[in-house]
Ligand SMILES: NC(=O)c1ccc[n+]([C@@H]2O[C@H](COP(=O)([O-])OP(=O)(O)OC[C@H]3O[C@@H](n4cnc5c(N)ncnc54)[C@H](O)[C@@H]3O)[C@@H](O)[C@H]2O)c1
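Coming up is one lone chain in structure tokens, specifically the form predicted on its own.
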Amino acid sequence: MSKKILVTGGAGFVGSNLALTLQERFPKHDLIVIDDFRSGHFRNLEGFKGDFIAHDLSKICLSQLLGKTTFEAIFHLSSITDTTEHDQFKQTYDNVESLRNILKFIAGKKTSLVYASSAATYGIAAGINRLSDPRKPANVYGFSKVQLENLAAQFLREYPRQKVVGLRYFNVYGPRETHKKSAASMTYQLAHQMLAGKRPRVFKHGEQKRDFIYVKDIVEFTIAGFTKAKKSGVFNAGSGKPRSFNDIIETLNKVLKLKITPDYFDNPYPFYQPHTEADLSATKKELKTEPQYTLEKGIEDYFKSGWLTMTPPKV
């Protein structure tokens, strides 16, 4: 019997990039994607050859849906990712119950689980974000991700021999985020302002720094959680090198062959995160993987892919 891999949220931004890479990397495995399209789009999976299941993961029994199927690995990326979603019940229920269903399904099986957490668990604390830092989520999205980590830790106390790896994704950008529209990365949003002939708008004076990580590097971190990690744990998944919004605009001008100056405006938020930076010491040690894309290299690759200049789908 062929080995099987499951990707939840596989029609979403990171999930689709992951699914298509797994398809290429593991051609002898049967690949199954589950998604309900709330945070995804069908065109992200152009070229996908596996099985697709349209379902709300938070409301189904995987044992009834998949029977006694045993997966070698499950990559859980299904999530309400819009940080502007303020319905606390909806955000928390969907994100937490989806993972709970997966944990019930894999309990006692030889299945590796890699799930997406978020740098939002750190809250708005500025500076280097270390795994030992307290988790202080500033919104319900970050709160729901903290609960995923808590749930995974509780599961591992009961099933210590299973491997469960959580990855705190930082500011991801790259192909197949077009459907996210206003929730897409600043790289995508600033590019489209500039392509429309507008000055890219950023808070004064564009020197705020974020840990921007290209999606191809995120995919490698995620796969490494399955193929290279020897033990369970939560790890940062970022570039480890914070860059400013001015850096993005400067790079976009070069890539798009434009010369447009930023439009700086006052920041209306009293609590705003001026700096994020992933401490990757544990990530490099346990996942044996390092980012390969600088901001410049990532934006250039993004542009060459054709996805940077795509307009959002109407449906």
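Just so we're clear, the structure is a prediction, and the values are computed from it rather than from any experiment. Just count from 1 along the sequence shown to find any residue number.
The discussion below concerns the form predicted together with the ligand, not included here.
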| property | result |
| --- | --- |
| Partner contact for Thr81 in the predicted bound form: the ligand, 4.5 angstroms, heavy atom | yes |
| Contact test in the predicted bound form: Ala11 vs the ligand, heavy atoms, 4.5 Å | yes |
| Partner proximity in the predicted bound form: Tyr141 to the ligand, non-hydrogen atom cutoff 4.5 Å | yes |
| Residue contact check: Phe170 to the ligand in the predicted bound form, 4.5 Å heavy atom | yes |
| Candidate stretches 54-62, 247-255, 284-292, 271-279 - the one whose heavy atoms come within 4.5 Å of the ligand in the predicted bound form | 54-62 |
| The unique member of Ser117, Ser232, Asn129, Ser239 whose heavy atoms fall within 4.5 Å of the ligand in the predicted bound form | Ser117 |
| Every residue of His29, Gln162 and Phe226 near the ligand in the predicted bound form, heavy atom within 4.5 Å | no |
